[in-house]
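Just the one chain here, laid out as structure tokens, in the form predicted on its own.
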């Protein structure tokens, strides 16, 4: 896979980066963390820019882009530590447009682009296992509980994994319904998350087991992109710091030990970038396997804490205070390294196919 960006992708990345740098100061991100809220003002800006429609087909009003394009967008938002459910909304929108009926697909994208709908996935339960789902649908009503629903308390709709007649599926629930109750949870990433209880909530079916599988794969790949964004920003900030911080009469970046740390950080980010965007490219073309996405996420989940910890070592004491912006990416990166499958969980899933026969000659 060629990782070089085409002119349109380069413009997308530069435009997004400039927009976020000018409109989202880190003090605003700190305020969102302190007040335990999402950045609704930035969300409105997202809608005005039309970025939410990027990976959807033009035939239903989307931007005609690809998942790799959406990855570039997500990476820039991760590099700004933005407190908006961009990945979550895109995952839900893609699930509805791929698995729902034509009318559902059109309505889902229309609501997303207008800002009337803020959807987030609700999959994980107390078992902490993707395949174990106890939430159930009985007579078009949902009963169950979900944990760690990102932005669940601020979303307008949830895309819920549940069982109906013992078959797994995805169901759309209006989160503003009185039958849906949410309580905020505290997470290491300091972004909104909730425990959600559904008490006979009205549901609309979206898709079956395949729809749920595709949602998990896309969400896992997007979480890997967010890990990558946090690590890349930590690397860039660290290299910039090493150029100006002086010790013993010269910049610390001139010392070999610091250069070795920076080189290790850069090599880990570069290798993970290839795996992550290769997985997105494969998902775009319907060629991705669960094992490929799991390997990409495992690499990202292991890489981001390694890179951010080395960043803190190079920053020294200055990296230990929250007035330094580095902490955003350490916390967000660690949070996303656990989301949608930790390194250990993903490696366990990938290892299940190790003994499978290979067709080496095509």
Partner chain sequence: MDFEWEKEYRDFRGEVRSFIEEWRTPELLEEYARTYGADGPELRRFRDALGERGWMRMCWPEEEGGEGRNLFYQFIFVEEMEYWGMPYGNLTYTSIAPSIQRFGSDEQRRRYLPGILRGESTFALGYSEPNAGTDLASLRTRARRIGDEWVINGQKIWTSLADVATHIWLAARTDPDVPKHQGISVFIVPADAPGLTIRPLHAMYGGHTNETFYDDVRVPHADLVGGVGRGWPIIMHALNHERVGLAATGSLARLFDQLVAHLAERRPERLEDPLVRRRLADLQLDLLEQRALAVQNAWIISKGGTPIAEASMAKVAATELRTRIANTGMDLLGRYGGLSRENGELAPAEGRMEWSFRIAPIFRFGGGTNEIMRDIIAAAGLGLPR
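Numbering follows the first chain given and starts at 1. Everything numeric here is computed off the predicted structure, so don't read it as measured data.
What follows is about the form predicted in complex with its partner chain, which we do not show.
Among the residues 67, 42, 52, 331, the one placing a heavy atom within 4.5 Å of its partner chain in the model of the complex is 331. This chain lacks the partner; the member of 186, 285, 243, 260 within 4.5 angstroms of its partner chain in the model of the complex by a non-hydrogen atom is 186.
Using a 4.5 angstroms limit between non-hydrogen atoms, residue 353 is distant from its partner chain in the model of the complex. Although the partner is absent here, residue 274 is not a contact residue: none of its heavy atoms lies within 4.5 angstroms of its partner chain in the model of the complex.
When its partner chain is considered in the model of the complex, residue 190 lines it closely, a heavy atom lying within 4.5 Å. In the model of the complex, its partner chain stays beyond 4.5 Å of every heavy atom belonging to residue 9. Of the candidate stretches 244-252, 156-164, 171-179, 107-115, only 244-252 has residues with heavy atoms within 4.5 Å of its partner chain in the model of the complex. In the model of the complex, no residue of the candidate spot (23, 47 and 205) has a heavy atom lying within 4.5 Å of its partner chain.
Of the residues in 308-329, those that come within 4.5 Å of its partner chain in the model of the complex through at least one heavy atom are, in sequence order, 309, 312, 313, 316, 317, 318, 320, 321, 322, 323, 327.
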